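Below you'll find only one chain, the form predicted on its own, shown as C-alpha coordinates.
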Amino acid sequence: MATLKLNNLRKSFGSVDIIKGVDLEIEDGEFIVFIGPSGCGKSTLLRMVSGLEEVTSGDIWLDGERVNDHTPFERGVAMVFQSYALYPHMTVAQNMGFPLKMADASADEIERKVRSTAEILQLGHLLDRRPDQLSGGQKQRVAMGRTIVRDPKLFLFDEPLSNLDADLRIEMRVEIEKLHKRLASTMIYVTHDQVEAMTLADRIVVLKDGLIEQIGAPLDLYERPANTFVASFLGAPKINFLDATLLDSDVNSSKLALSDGSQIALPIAVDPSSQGQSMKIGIRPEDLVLGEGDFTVPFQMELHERLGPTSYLHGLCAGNPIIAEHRRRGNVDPEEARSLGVDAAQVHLFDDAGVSVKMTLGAA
(Lines give C-alpha, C1' and ligand atoms only; values in the text may rest on other atoms or scores of the structure.)
Protein backbone atom coordinates (compact mmCIF):
# COMPACT_ATOMS: atom_id res chain seq x y z
CA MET A 1 0.00 0.00 0.00
CA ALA A 2 1.16 3.54 -0.63
CA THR A 3 0.56 7.26 -0.44
CA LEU A 4 0.98 9.35 -3.57
CA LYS A 5 1.56 13.07 -4.01
CA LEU A 6 1.66 14.93 -7.32
CA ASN A 7 3.15 18.40 -7.17
CA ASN A 8 2.54 20.79 -10.10
CA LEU A 9 2.85 17.91 -12.55
CA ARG A 10 3.12 18.89 -16.22
CA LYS A 11 3.51 17.02 -19.50
CA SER A 12 4.08 18.46 -22.95
CA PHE A 13 4.59 16.81 -26.32
CA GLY A 14 6.56 19.38 -28.26
CA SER A 15 4.58 22.62 -28.10
CA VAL A 16 1.37 20.88 -27.03
CA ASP A 17 0.61 20.96 -23.29
CA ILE A 18 -1.30 17.86 -22.19
CA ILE A 19 -1.07 18.02 -18.38
CA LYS A 20 -0.99 21.66 -17.27
CA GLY A 21 -0.14 21.60 -13.59
CA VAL A 22 -1.80 18.91 -11.46
CA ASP A 23 -1.63 18.85 -7.66
CA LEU A 24 -3.09 15.80 -5.94
CA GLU A 25 -2.62 13.83 -2.73
CA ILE A 26 -3.84 10.22 -2.43
CA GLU A 27 -4.04 8.50 0.94
CA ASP A 28 -2.96 4.96 1.73
CA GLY A 29 -5.66 2.47 0.66
CA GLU A 30 -7.79 4.94 -1.31
CA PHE A 31 -9.56 4.03 -4.53
CA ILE A 32 -9.21 7.06 -6.79
CA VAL A 33 -10.87 7.37 -10.20
CA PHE A 34 -9.65 9.75 -12.92
CA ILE A 35 -12.54 10.65 -15.19
CA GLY A 36 -13.02 13.04 -18.06
CA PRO A 37 -13.68 13.19 -21.80
CA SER A 38 -11.31 11.80 -24.42
CA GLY A 39 -8.19 13.93 -24.66
CA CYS A 40 -8.44 15.37 -21.15
CA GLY A 41 -5.11 13.79 -20.12
CA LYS A 42 -6.30 11.12 -17.68
CA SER A 43 -4.38 8.22 -19.26
CA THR A 44 -1.28 10.38 -19.73
CA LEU A 45 -1.42 11.31 -16.04
CA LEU A 46 -1.69 7.63 -15.08
CA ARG A 47 1.26 6.72 -17.30
CA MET A 48 3.34 9.46 -15.66
CA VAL A 49 2.57 7.97 -12.25
CA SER A 50 3.53 4.51 -13.51
CA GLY A 51 6.83 5.66 -14.98
CA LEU A 52 5.85 4.79 -18.55
CA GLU A 53 5.70 8.49 -19.49
CA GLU A 54 8.44 10.98 -18.71
CA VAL A 55 7.54 14.01 -16.59
CA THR A 56 8.11 17.40 -18.25
CA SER A 57 8.13 19.21 -14.90
CA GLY A 58 6.83 18.78 -11.39
CA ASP A 59 7.30 15.97 -8.88
CA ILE A 60 5.83 12.56 -8.10
CA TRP A 61 6.20 11.41 -4.49
CA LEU A 62 5.46 7.77 -3.60
CA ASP A 63 5.50 6.99 0.10
CA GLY A 64 7.44 10.19 0.68
CA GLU A 65 10.12 9.40 -1.92
CA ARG A 66 10.54 11.41 -5.12
CA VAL A 67 10.31 8.85 -7.94
CA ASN A 68 10.51 10.96 -11.12
CA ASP A 69 13.68 9.17 -12.21
CA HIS A 70 12.66 5.69 -11.04
CA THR A 71 11.68 2.94 -13.48
CA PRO A 72 8.21 1.37 -13.18
CA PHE A 73 9.82 -1.66 -11.50
CA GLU A 74 11.69 0.53 -9.02
CA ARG A 75 8.50 2.38 -8.15
CA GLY A 76 6.75 -0.84 -7.17
CA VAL A 77 3.61 -0.11 -9.19
CA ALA A 78 1.59 -2.49 -11.36
CA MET A 79 -0.71 -1.58 -14.21
CA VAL A 80 -3.74 -3.28 -15.77
CA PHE A 81 -4.23 -2.11 -19.35
CA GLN A 82 -7.28 -1.89 -21.58
CA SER A 83 -5.72 -4.68 -23.64
CA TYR A 84 -5.26 -7.94 -21.74
CA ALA A 85 -1.74 -8.38 -23.21
CA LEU A 86 -1.58 -12.08 -22.29
CA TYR A 87 1.00 -14.42 -23.80
CA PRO A 88 -1.03 -16.78 -26.03
CA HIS A 89 1.41 -19.71 -25.72
CA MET A 90 1.37 -19.63 -21.91
CA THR A 91 -1.20 -21.08 -19.53
CA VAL A 92 -3.08 -18.92 -17.07
CA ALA A 93 -0.67 -19.97 -14.32
CA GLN A 94 2.35 -19.15 -16.48
CA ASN A 95 0.94 -15.76 -17.47
CA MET A 96 0.24 -14.85 -13.86
CA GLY A 97 3.63 -16.07 -12.64
CA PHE A 98 5.68 -14.49 -15.43
CA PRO A 99 6.47 -11.20 -13.57
CA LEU A 100 7.77 -13.25 -10.63
CA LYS A 101 9.85 -15.42 -12.94
CA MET A 102 11.41 -12.30 -14.44
CA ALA A 103 12.22 -11.15 -10.89
CA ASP A 104 14.06 -14.48 -10.28
CA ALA A 105 11.56 -15.72 -7.69
CA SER A 106 11.81 -19.40 -6.77
CA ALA A 107 9.47 -21.94 -8.33
CA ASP A 108 7.86 -22.59 -4.93
CA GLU A 109 7.21 -18.88 -4.36
CA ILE A 110 5.74 -18.48 -7.84
CA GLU A 111 3.41 -21.45 -7.37
CA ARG A 112 2.32 -20.26 -3.92
CA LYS A 113 1.56 -16.70 -5.03
CA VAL A 114 -0.16 -17.77 -8.25
CA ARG A 115 -2.45 -20.20 -6.42
CA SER A 116 -3.22 -17.65 -3.70
CA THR A 117 -4.05 -14.99 -6.29
CA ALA A 118 -6.08 -17.43 -8.38
CA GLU A 119 -8.20 -18.15 -5.31
CA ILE A 120 -8.86 -14.44 -4.81
CA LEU A 121 -9.92 -14.04 -8.45
CA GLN A 122 -11.75 -17.39 -8.72
CA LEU A 123 -9.36 -18.63 -11.37
CA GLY A 124 -8.19 -21.82 -9.65
CA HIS A 125 -10.02 -24.11 -12.09
CA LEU A 126 -8.55 -22.29 -15.12
CA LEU A 127 -4.83 -22.36 -14.30
CA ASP A 128 -4.02 -24.92 -17.02
CA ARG A 129 -5.96 -23.17 -19.78
CA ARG A 130 -4.51 -20.84 -22.41
CA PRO A 131 -5.92 -17.36 -23.24
CA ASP A 132 -7.80 -18.54 -26.34
CA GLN A 133 -9.84 -20.83 -24.08
CA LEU A 134 -11.01 -17.97 -21.85
CA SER A 135 -13.85 -15.44 -21.97
CA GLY A 136 -13.16 -11.72 -22.00
CA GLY A 137 -13.93 -11.40 -18.30
CA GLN A 138 -11.65 -14.32 -17.45
CA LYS A 139 -8.81 -12.81 -19.49
CA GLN A 140 -9.17 -9.53 -17.62
CA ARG A 141 -9.06 -11.35 -14.29
CA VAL A 142 -5.83 -13.05 -15.40
CA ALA A 143 -4.39 -9.64 -16.31
CA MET A 144 -5.35 -8.41 -12.85
CA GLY A 145 -3.83 -11.50 -11.27
CA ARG A 146 -0.55 -10.82 -13.03
CA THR A 147 -0.35 -7.51 -11.13
CA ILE A 148 -1.52 -8.90 -7.76
CA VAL A 149 1.21 -11.55 -7.55
CA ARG A 150 3.82 -8.78 -7.47
CA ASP A 151 2.41 -7.27 -4.25
CA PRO A 152 2.73 -3.75 -5.70
CA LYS A 153 2.60 -0.57 -3.65
CA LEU A 154 0.14 0.94 -6.09
CA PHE A 155 -2.39 -0.58 -8.53
CA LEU A 156 -3.09 1.36 -11.73
CA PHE A 157 -6.03 0.57 -14.04
CA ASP A 158 -6.25 2.13 -17.51
CA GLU A 159 -9.84 1.66 -18.74
CA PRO A 160 -9.66 -2.10 -18.03
CA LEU A 161 -13.30 -2.82 -18.88
CA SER A 162 -13.57 -1.02 -22.21
CA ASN A 163 -13.28 -4.22 -24.26
CA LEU A 164 -16.03 -6.07 -22.39
CA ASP A 165 -19.74 -6.25 -23.21
CA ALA A 166 -22.30 -4.60 -20.91
CA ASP A 167 -23.01 -7.62 -18.68
CA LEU A 168 -19.33 -8.44 -18.23
CA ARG A 169 -18.55 -4.80 -17.41
CA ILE A 170 -20.99 -4.94 -14.51
CA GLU A 171 -19.60 -8.28 -13.33
CA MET A 172 -15.99 -7.10 -13.49
CA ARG A 173 -16.83 -3.78 -11.84
CA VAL A 174 -18.15 -5.71 -8.86
CA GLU A 175 -15.06 -7.94 -8.87
CA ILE A 176 -12.72 -4.94 -8.81
CA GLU A 177 -14.64 -3.41 -5.92
CA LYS A 178 -14.41 -6.69 -3.99
CA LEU A 179 -10.71 -6.90 -4.80
CA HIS A 180 -10.06 -3.45 -3.38
CA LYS A 181 -11.88 -4.29 -0.16
CA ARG A 182 -9.98 -7.56 0.18
CA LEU A 183 -6.51 -6.17 -0.55
CA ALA A 184 -7.03 -2.71 1.01
CA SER A 185 -4.48 -1.43 -1.52
CA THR A 186 -4.11 2.02 -3.03
CA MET A 187 -5.67 2.01 -6.50
CA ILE A 188 -5.99 4.57 -9.30
CA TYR A 189 -8.51 3.80 -12.01
CA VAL A 190 -8.95 5.66 -15.31
CA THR A 191 -12.29 5.62 -17.11
CA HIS A 192 -14.60 7.75 -19.23
CA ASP A 193 -17.60 5.86 -17.81
CA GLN A 194 -19.27 7.89 -15.05
CA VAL A 195 -21.12 4.80 -13.76
CA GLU A 196 -17.81 3.07 -13.08
CA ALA A 197 -16.54 6.23 -11.38
CA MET A 198 -19.61 6.67 -9.18
CA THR A 199 -19.72 3.04 -8.05
CA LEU A 200 -16.01 2.33 -7.51
CA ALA A 201 -14.38 5.50 -6.23
CA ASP A 202 -13.65 6.71 -2.75
CA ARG A 203 -12.88 9.99 -4.49
CA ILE A 204 -13.27 11.09 -8.10
CA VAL A 205 -10.82 13.40 -9.88
CA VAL A 206 -12.62 15.15 -12.76
CA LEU A 207 -10.21 16.27 -15.49
CA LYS A 208 -10.69 18.64 -18.42
CA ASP A 209 -8.03 19.90 -20.82
CA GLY A 210 -5.18 18.73 -18.59
CA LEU A 211 -6.46 20.37 -15.42
CA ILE A 212 -8.42 19.14 -12.41
CA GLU A 213 -11.94 20.60 -12.36
CA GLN A 214 -13.02 19.09 -9.03
CA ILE A 215 -12.04 16.37 -6.54
CA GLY A 216 -14.43 14.72 -4.09
CA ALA A 217 -16.51 11.75 -3.04
CA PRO A 218 -18.92 10.60 -5.77
CA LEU A 219 -22.10 11.90 -4.11
CA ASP A 220 -20.42 15.18 -3.16
CA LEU A 221 -19.59 15.83 -6.80
CA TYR A 222 -23.03 14.73 -7.93
CA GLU A 223 -24.88 16.88 -5.40
CA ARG A 224 -22.47 19.82 -5.25
CA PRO A 225 -20.74 20.17 -8.64
CA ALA A 226 -18.28 23.04 -8.86
CA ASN A 227 -19.32 24.05 -12.37
CA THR A 228 -21.50 23.14 -15.34
CA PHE A 229 -18.85 20.78 -16.75
CA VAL A 230 -18.76 18.59 -13.64
CA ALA A 231 -22.55 18.77 -13.30
CA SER A 232 -23.07 17.58 -16.87
CA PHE A 233 -20.36 14.91 -16.80
CA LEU A 234 -21.80 13.02 -13.83
CA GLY A 235 -25.31 11.64 -14.10
CA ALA A 236 -27.27 9.69 -16.71
CA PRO A 237 -29.35 11.09 -18.25
CA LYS A 238 -27.42 14.34 -17.98
CA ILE A 239 -28.50 17.28 -15.88
CA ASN A 240 -30.89 19.74 -17.53
CA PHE A 241 -29.82 23.36 -17.97
CA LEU A 242 -32.31 26.21 -18.28
CA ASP A 243 -31.21 29.64 -19.46
CA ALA A 244 -32.28 32.33 -17.02
CA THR A 245 -31.70 35.95 -16.04
CA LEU A 246 -31.24 37.10 -12.44
CA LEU A 247 -33.98 39.58 -11.50
CA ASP A 248 -33.34 40.05 -7.79
CA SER A 249 -31.55 38.45 -4.82
CA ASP A 250 -31.32 38.75 -1.04
CA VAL A 251 -29.55 36.77 1.71
CA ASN A 252 -32.00 33.86 1.42
CA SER A 253 -33.28 33.61 -2.13
CA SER A 254 -33.07 34.71 -5.73
CA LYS A 255 -35.70 35.49 -8.33
CA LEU A 256 -34.98 34.52 -11.92
CA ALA A 257 -36.76 34.79 -15.24
CA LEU A 258 -36.72 32.00 -17.81
CA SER A 259 -36.39 32.80 -21.49
CA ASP A 260 -40.18 32.59 -21.98
CA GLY A 261 -40.73 35.25 -19.30
CA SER A 262 -41.92 32.92 -16.53
CA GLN A 263 -40.40 33.62 -13.11
CA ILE A 264 -39.15 31.30 -10.39
CA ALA A 265 -37.67 31.78 -6.91
CA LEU A 266 -34.81 29.63 -5.62
CA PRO A 267 -33.39 29.25 -2.09
CA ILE A 268 -30.01 30.47 -3.36
CA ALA A 269 -28.28 33.73 -2.53
CA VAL A 270 -26.57 35.51 -5.42
CA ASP A 271 -24.51 38.68 -5.23
CA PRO A 272 -27.07 41.46 -5.89
CA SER A 273 -24.55 43.12 -8.19
CA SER A 274 -25.16 40.22 -10.58
CA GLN A 275 -28.70 41.45 -11.24
CA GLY A 276 -29.50 41.30 -14.94
CA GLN A 277 -26.78 38.73 -15.67
CA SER A 278 -27.36 35.50 -17.58
CA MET A 279 -27.32 32.34 -15.47
CA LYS A 280 -28.03 28.65 -15.86
CA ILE A 281 -30.39 26.67 -13.67
CA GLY A 282 -29.43 23.00 -13.33
CA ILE A 283 -32.12 20.40 -12.57
CA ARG A 284 -31.46 16.67 -12.66
CA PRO A 285 -34.12 14.48 -14.35
CA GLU A 286 -35.04 12.74 -11.07
CA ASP A 287 -35.88 16.12 -9.50
CA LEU A 288 -38.55 16.86 -12.11
CA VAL A 289 -41.98 15.27 -11.65
CA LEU A 290 -45.39 15.40 -13.22
CA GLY A 291 -47.49 17.22 -10.65
CA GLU A 292 -46.82 19.71 -7.90
CA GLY A 293 -43.46 20.77 -6.52
CA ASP A 294 -41.94 23.75 -4.75
CA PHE A 295 -42.47 25.48 -8.09
CA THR A 296 -43.34 24.41 -11.62
CA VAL A 297 -41.73 25.00 -15.00
CA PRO A 298 -43.49 24.90 -18.37
CA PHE A 299 -43.08 21.70 -20.35
CA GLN A 300 -43.84 20.64 -23.91
CA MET A 301 -43.49 16.87 -24.17
CA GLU A 302 -42.12 15.46 -27.43
CA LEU A 303 -41.25 11.86 -26.56
CA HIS A 304 -42.03 9.28 -23.87
CA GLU A 305 -39.11 6.84 -23.62
CA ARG A 306 -40.22 3.69 -21.76
CA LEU A 307 -37.65 1.56 -19.91
CA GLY A 308 -39.89 -0.65 -17.77
CA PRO A 309 -40.75 0.75 -14.33
CA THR A 310 -38.79 3.92 -15.11
CA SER A 311 -39.30 6.05 -18.19
CA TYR A 312 -38.09 9.41 -19.45
CA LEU A 313 -40.10 12.33 -20.75
CA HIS A 314 -38.25 14.32 -23.39
CA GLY A 315 -39.38 17.78 -24.34
CA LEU A 316 -38.80 21.52 -24.11
CA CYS A 317 -38.89 23.97 -21.23
CA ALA A 318 -38.79 27.63 -22.22
CA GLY A 319 -36.92 26.66 -25.38
CA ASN A 320 -34.39 24.43 -23.58
CA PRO A 321 -34.29 20.66 -24.21
CA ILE A 322 -35.17 18.84 -21.00
CA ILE A 323 -35.57 15.28 -19.68
CA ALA A 324 -37.72 14.29 -16.72
CA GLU A 325 -37.61 10.92 -14.98
CA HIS A 326 -41.04 9.28 -14.63
CA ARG A 327 -41.46 6.36 -12.21
CA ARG A 328 -45.03 5.37 -12.88
CA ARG A 329 -46.14 2.83 -15.45
CA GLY A 330 -48.58 3.69 -18.19
CA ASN A 331 -48.76 6.28 -20.92
CA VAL A 332 -48.37 10.00 -20.38
CA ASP A 333 -50.74 12.29 -22.28
CA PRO A 334 -48.78 15.24 -23.71
CA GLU A 335 -51.80 17.47 -23.16
CA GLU A 336 -51.70 16.69 -19.45
CA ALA A 337 -47.93 17.19 -19.18
CA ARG A 338 -47.88 20.95 -19.60
CA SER A 339 -45.74 21.59 -16.54
CA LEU A 340 -43.27 19.82 -14.26
CA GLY A 341 -42.90 20.14 -10.51
CA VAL A 342 -39.45 20.90 -9.15
CA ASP A 343 -37.81 20.15 -5.78
CA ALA A 344 -36.20 23.56 -5.14
CA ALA A 345 -33.71 22.20 -2.58
CA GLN A 346 -32.11 20.04 -5.31
CA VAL A 347 -31.74 22.80 -7.91
CA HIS A 348 -28.28 24.05 -8.92
CA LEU A 349 -27.49 27.57 -10.08
CA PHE A 350 -24.47 28.59 -12.15
CA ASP A 351 -23.26 32.07 -13.00
CA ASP A 352 -22.44 33.35 -16.48
CA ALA A 353 -18.97 31.75 -16.24
CA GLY A 354 -20.47 28.35 -15.45
CA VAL A 355 -19.35 28.39 -11.81
CA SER A 356 -21.70 27.04 -9.15
CA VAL A 357 -23.55 29.44 -6.86
CA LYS A 358 -23.91 27.71 -3.50
CA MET A 359 -27.24 26.91 -1.87
CA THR A 360 -28.12 28.86 1.27
CA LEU A 361 -31.08 26.68 2.23
CA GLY A 362 -31.31 22.88 2.22
CA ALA A 363 -27.64 22.34 1.38
CA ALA A 364 -24.23 22.34 2.97
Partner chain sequence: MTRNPQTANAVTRAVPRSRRALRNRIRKAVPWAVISAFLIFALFPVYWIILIAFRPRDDIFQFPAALMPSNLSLDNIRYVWFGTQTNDPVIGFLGTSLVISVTASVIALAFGVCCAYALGRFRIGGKFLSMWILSQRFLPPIALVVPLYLMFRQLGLLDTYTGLIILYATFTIPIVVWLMLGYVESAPPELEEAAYVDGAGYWTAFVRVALPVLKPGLSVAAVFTFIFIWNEYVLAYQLAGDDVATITVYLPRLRSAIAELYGEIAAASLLSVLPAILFAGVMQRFLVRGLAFGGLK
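Predicted model only: the values in this text are computed from it and were never measured. Between two forms, the rigid core is the largest collection of C-alphas that superpose within 1.5 Å. Numbering follows the first chain given and starts at 1.
Absent from the display: the form predicted together with the partner chain. The rest refers to it.
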Establish, in the predicted bound form, whether 238, 241 and 284 all lie within 4.5 Å of the partner chain, using non-hydrogen atoms for the distance.
no
Does residue 337 reach the partner chain in the predicted bound form, with heavy atoms at most 4.5 Å apart?
no
Counting only non-hydrogen atoms and a 4.5 angstroms cut-off, does residue 72 reach the partner chain in the predicted bound form?
yes
Touches the partner chain in the predicted bound form: residue 291 (any heavy atom, 4.5 Å):
no
So in the predicted bound form, does residue 101 come within 4.5 Å of the partner chain, heavy atom to heavy atom?
yes
Which residue among 150, 280, 203, 180 has a heavy atom within 4.5 angstroms of the partner chain in the predicted bound form?
150
Contact residue in the predicted bound form, chosen from 168, 217, 90, 226 - any heavy atom within 4.5 Å of the partner chain:
90
In the predicted bound form, segment of 119-127, 269-277, 245-253, 74-82 with a heavy atom within 4.5 Å of the partner chain:
74-82
At a 2 Å cut-off on C-alpha positions, does residue 182 qualify as shifted between the shown form and the other one after fitting the rigid core?
no
Honestly, after the rigid core fit, is residue 87 moving at least 2 Å at Cα between the shown form and the other one?
yes
